[in-house]
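Given next, in structure tokens, is a single chain: the form predicted alone.
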């Protein structure tokens, strides 16, 4: 039986440690590659979406702090919750002057990203009896949150929320919006199916 020299024994130990280390790194990267975690906005923490948070300043971190030129955050209308109102506070600047048609004269969205479409037959005798669908053009929306804030109760129904659009999100390791969010409303979690 030949005895190993100290140098040979240390060489075997180093190679063994390297193999174990490479196996650990491979296992970690395999798990990481299969992670389905992504950035999400918690509407209960987001000051723009949070019910009961009235009279507060609109937070525009979603629109201004994303690394993308047009933020990965968009306003999304959940239609089953929408009242399809004649005068939607998220579409119209309800404090603006009334126009000749009896509607507010200004729109709320600074990027004109919301389109108002009549649903069904238009009642010419009672315009307030008509219902409208409010469709958000995500190619124009930058996630500023003005419509979300205006859609909250008591004026709105809370059907418009801010959401991270995963098809455009870079899924940064540390989201710059998350870092800037004053309410820590960004969480890295498994996206809803």
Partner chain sequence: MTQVAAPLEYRLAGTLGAGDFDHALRGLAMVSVMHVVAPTEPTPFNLLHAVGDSRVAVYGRERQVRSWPTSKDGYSVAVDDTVWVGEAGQIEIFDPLGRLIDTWRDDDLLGLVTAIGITRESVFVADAAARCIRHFDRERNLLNNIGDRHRKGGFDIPNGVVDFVLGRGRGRGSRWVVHVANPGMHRVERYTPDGELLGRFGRFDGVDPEGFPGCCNPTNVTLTSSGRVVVTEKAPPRVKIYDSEGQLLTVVAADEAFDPAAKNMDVATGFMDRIYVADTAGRQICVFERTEKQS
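Numbering follows the first chain given and starts at 1. Everything quoted here is computed from the prediction, not taken from an experiment.
From this point on, the text means the form predicted in complex with the partner chain, which you will not see here.
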Please check if residue 85 has a heavy atom lying within 4.5 Å of any heavy atom of the partner chain in the predicted bound form.
-> yes
Residue 157: heavy atom within 4.5 Å of the partner chain in the predicted bound form?
-> yes
Report whether the minimum heavy atom distance between residue 56 and the partner chain in the predicted bound form is within 4.5 Å.
-> no
According to a 4.5 angstroms non-hydrogen atom cut-off, is residue 102 in contact with the partner chain in the predicted bound form?
-> yes
Residues from 82 to 111 in contact with the partner chain (non-hydrogen atom within 4.5 Å) in the predicted bound form | 85, 86, 87, 89, 94, 95, 96, 97, 98, 102, 104
